[in-house]
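A single chain, nothing else alongside it, follows as structure tokens in the form predicted on its own.
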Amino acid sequence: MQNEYDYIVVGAGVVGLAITRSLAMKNKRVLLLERQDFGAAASGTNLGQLSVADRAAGLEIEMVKETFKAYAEVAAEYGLEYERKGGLCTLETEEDIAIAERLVAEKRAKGYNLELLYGDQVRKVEPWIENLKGGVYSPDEGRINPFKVNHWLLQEALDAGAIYLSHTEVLGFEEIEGGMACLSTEGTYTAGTVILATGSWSKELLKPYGIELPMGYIRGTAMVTQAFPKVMNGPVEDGAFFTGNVPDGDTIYFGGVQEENGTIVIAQANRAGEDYNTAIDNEDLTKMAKLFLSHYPALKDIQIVRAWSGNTTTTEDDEPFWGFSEELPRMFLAIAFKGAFSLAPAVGRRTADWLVDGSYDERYEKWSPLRVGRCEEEA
């Protein structure tokens, strides 16, 4: 059959791009298929925050450090705007403080570099911020330009010989001798292994093959201001993500990051995802602005220049699906990595090492798609 490749990667978000790059750099024939254009979905609506404090000890934090190392090596060449000047998780209530006291102690014992700040102590790291009970500060956190990361990964993938087809929607899959076929709007392409990195779209693609993963997606809304003199040293994130005290349903979170050009990205409003809707709700924008200004009142006259929404994949246990499926043995899933810009280059390298060289870490087991079936059997 024509159009034969070693690997087909479906989905050109940051994870799919990173996997394509790493496979191509191992001299494999790789085809990347994307129904829109690269970085057009969640990877194009990201704030570029690089998080550490809310990462699990062990494998996840190792992959974060590996990713940061990869960014540092190419930041100047590709203009990634990579900075690690620290990040603050905000604490709004006494309950948040109590939870943070326990978690900070536990994480410090595991080697995390964290500082718990009380009241106005937060202003020693973010001088303009107000009206908080406290915060958790990590000097290891930072920011990066997500658009430039996407460009870097695609460019190096192409330079290594990968083929990229945009506006090519995958319609389905067929098992063939020695591999799989991807049926698309532009034709049929075959490979030994298909890698699915399609984010919120994955559930729809997998369902016809009996692969029912407990996952969904949320519609997250953010907005960006005009350029402004420096008021934020690093990313500021709602402490709910650190404490785990995240409410169900539609929620407005406090957070933001100031870009190298002085603009401030304010985030975010979360709503349950439905029909891949990315419409912007004006009421959400108003609530986001009010919450942000309650902590940065000095910015009351700053102008909002743009707002956007994107769908971000979620799973019931907040863990990604990474590994081969049972129903389609030649299908490898790489879906729902939380805060993927803090992990993607490591996911790409480790996926390529796994598939090409057979380099497998037993700790990957916790992210296996097969865990769903095991949980059902145990229940």
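Being a predicted model, the structure only gives us computed values, none of them experimental. We number the residues from 1 along the sequence you see.
Heads up, the form predicted together with a small molecule isn't pictured, but that's what we're talking about next.
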For this session: Taking 4.5 Å between heavy atoms as the contact cutoff, choose which of Ala41, Val347, Leu333, Val30 touches the small molecule in the predicted complex.
Result: Ala41
Problem set entry | Position in contact with the small molecule when the complex is considered in the predicted complex, options Thr315, Thr67, Thr312, Ser325, heavy atoms within 4.5 Å | Thr312
Problem set entry | Whether Gly11, Gln36 and Thr45 all lie within 4.5 angstroms of the small molecule in the predicted complex by heavy atom | yes
Problem set entry | in the predicted complex, Leu205 touching the small molecule (heavy atom, 4.5 Å) | yes
Exercise. Is Gln268 one of the residues lying within 4.5 Å of the small molecule in the predicted complex, judged by heavy atom distances?
Worked result: yes
Exercise. Does Thr351 reach the small molecule in the predicted complex, with heavy atoms at most 4.5 Å apart?
Worked result: no
For this session: Would you please decide whether Gly220 lies within 4.5 angstroms of the small molecule in the predicted complex, comparing each non-hydrogen atom pair?
Result: yes
Problem set entry | Contact stretch among 167-175, 122-130, 291-299, 187-195 - heavy atom within 4.5 Å of the small molecule in the predicted complex | 167-175
